[in-house]
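One chain is shown next in structure tokens, namely the form predicted alone.
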């Protein structure tokens, strides 16, 4: 069980100042989440697109990789061209090449109570390499040995890859480069080493033989990853029938690694569910929810830039009794939060009915 807070959506694009005067914010969503220095910290994915004066043209923002200053440039394409495809609001395809209709970066939002946030005026992590030419997306934050590690999706003409950065204070950041090549995303680090190695869950792209599946990888140093092992796939006719991907970093419990993840089905869209993984062999799935934890039901979850999306990305403890705040992106536009607990999530993973005591 997860109960939405009345303040939802807690962050909207209107709360975010654009990074430049010629840009507009169309999304502030899918945040990495953690607790630091007395505050809940969200690293928002902020999506911006250019303001266009000519209605007959569409603008595509991207990092100018040929410039030493690493500034944005705007490509302009004619809307009425027979060579353009604008059917997907997230992309622009022109003369056979696909671009993104917006560019994303990471920006901090801060809260004392976990529901009312102030957004920083400047970006925290902005695209800076050729592999981030189209943006930085959908980060997760995992604390390992006192360091906040930020895994994120790096998007460019070369594909969808996984990048890694770290910080001690959310003021300065160290980039570690790409840790997985394309096509990989939804990469989430476990909060401690398992059998002496760092552990990462990630989601591969679809192939001719199988759909997008979830895998585990292991590393001695957080940079070099191997020993890849499959552990979860979409389930036919279920709430996660079409695609799946890791959500928030897993929580260690006596019952196993507790993992919230997203699943997609044709009827409901993106939903959130729960799984339990074996502590010492996390590629072994102990149990997995037959029913979704959260499905798009509220207006802010159903309608937006992309319809019917609940995309969980962060779990933050709010007390010592196992209570949690589950942060999730909604409709590729805003951020919402729901209150839950370790006990309730384990029950969901096992499809147990929670008895409410009045």
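Numbering follows the first chain given and starts at 1. What you see is a predicted model; the values in this text were computed from it and never measured.
Not pictured, yet referred to below: the form predicted together with another copy of the chain.
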Quiz item: Thinking of another copy of the chain in the predicted bound form, which stretch from 271-279, 202-210, 116-124, 247-255 has heavy atoms inside 4.5 Å of it?
Solution: 202-210
Practice problem: Please check if residue 229 has a heavy atom lying within 4.5 Å of any heavy atom of another copy of the chain in the predicted bound form. | Solution: yes
Quiz item: Do residue 78 and another copy of the chain come within 4.5 Å of each other in the predicted bound form, heavy atoms counted?
Solution: no
Practice problem: Please run the contact check for residue 71 against another copy of the chain in the predicted bound form: heavy atoms, 4.5 angstroms, yes or no? | Solution: no
Quiz item: Do residue 220 and another copy of the chain share at least one heavy atom pair within 4.5 Å in the predicted bound form?
Solution: yes
Practice problem: Note which of 105, 131, 149, 190 lies within 4.5 Å of another copy of the chain in the predicted bound form, where distance is taken over heavy atoms; exactly one does. | Solution: 131
Quiz prompt | Heavy atom within 4.5 Å of another copy of the chain in the predicted bound form - the one residue of 164, 264, 109, 180 that qualifies | solution = 180
Quiz prompt | Full three-residue contact with another copy of the chain in the predicted bound form, heavy atom 4.5 Å, for 157, 160 and 215 | solution = yes
